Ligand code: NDP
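A single chain, nothing else alongside it, follows as structure tokens in the form predicted on its own.
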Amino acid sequence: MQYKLGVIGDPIRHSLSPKIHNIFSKQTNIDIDYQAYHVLENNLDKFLKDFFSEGGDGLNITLPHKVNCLRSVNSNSSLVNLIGAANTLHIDSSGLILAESTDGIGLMKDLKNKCSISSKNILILGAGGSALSIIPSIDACKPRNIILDNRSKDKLEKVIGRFFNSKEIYSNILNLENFNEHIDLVVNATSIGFSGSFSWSKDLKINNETILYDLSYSKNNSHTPFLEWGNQYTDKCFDGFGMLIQQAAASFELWTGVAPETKITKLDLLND
């Protein structure tokens, strides 16, 4: 059996997902056809329905489709219902398209060997889909506080309200303006710095003991703009490459039932 898989986005040429999943395929001896598809917003619904009706087994979803892809699926996981976004679609035995998110579990699996979350103050920069997707997994590790900050205050308050109004019980989820303690971990879930240097409008209450983690990653050993900025305060800086591998592995297991090895380096992907 060959699994028909892929990743969609706009743009998509930069995606490392095909290389990652082909490594997983060789590891597990599972035959896959994994392609990157450039899909525009106005063709999203048609593409998704055609892909799965023509034998597709699963898709990864990247920007800007993580929210709008939900219009084309038949069912969401409880996590996807909460965060309002998905990064993984799969089809069940009855032909229904199901939406899931593996970003949060990918982050936590990468962080477990880098730092502790339990009883710590965790600051998340950003209030978009990337931030939403990681809050439940961070909360499950019982932090002291989850603190949020964002350039758009209206968007920030909507995110905080989303979790306060959910049926689940969450840790303290606070606005940075209302927080005055030391920050143990800062997670950057913004795109600030992609076209220049990173800067933030207020004091983030960090020092040389604070750990910085960027959901974005560089394709070599250089720092991302966020980590370049943060390196003036601390040398405990990590990019999101490990999360990329871990969330991909969770998707692969969802589609195939087999968990691949995740010991993949940047050299494995970029030196060809």
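Note that this is a predicted model, so its numbers are computed, not measured. Throughout, we count residues from 1 along the sequence that is shown.
What comes next is about the form predicted in complex with this ligand, which does not appear here.
Residues within 4.5 angstroms of this ligand in the predicted bound form, judged by any non-hydrogen atom, belong to 238-246 and to none of the other stretches in 238-246, 28-36, 221-229, 50-58. Shown alone here, Leu215 lies within 4.5 Å of this ligand in the predicted bound form, counting heavy atoms only. Among heavy atoms of Leu204, none comes within 4.5 Å of this ligand in the predicted bound form. Among heavy atoms of Arg151, some come within 4.5 Å of this ligand in the predicted bound form. Contact between Pro143 and this ligand in the predicted bound form is not found at the 4.5 Å heavy atom cutoff. None of Ile192, Met108, Ile173, Leu98 but one reaches within 4.5 angstroms of this ligand in the predicted bound form through a heavy atom, and that residue is Ile192.
When you look in the predicted bound form, the only residue of Ile122, Ile135, Ala127, Val80 with a non-hydrogen atom within 4.5 Å of this ligand is Ala127.
Shown without its partner, the chain has Asp103 as the single residue in segment 93-117 with a non-hydrogen atom within 4.5 angstroms of this ligand in the predicted bound form.
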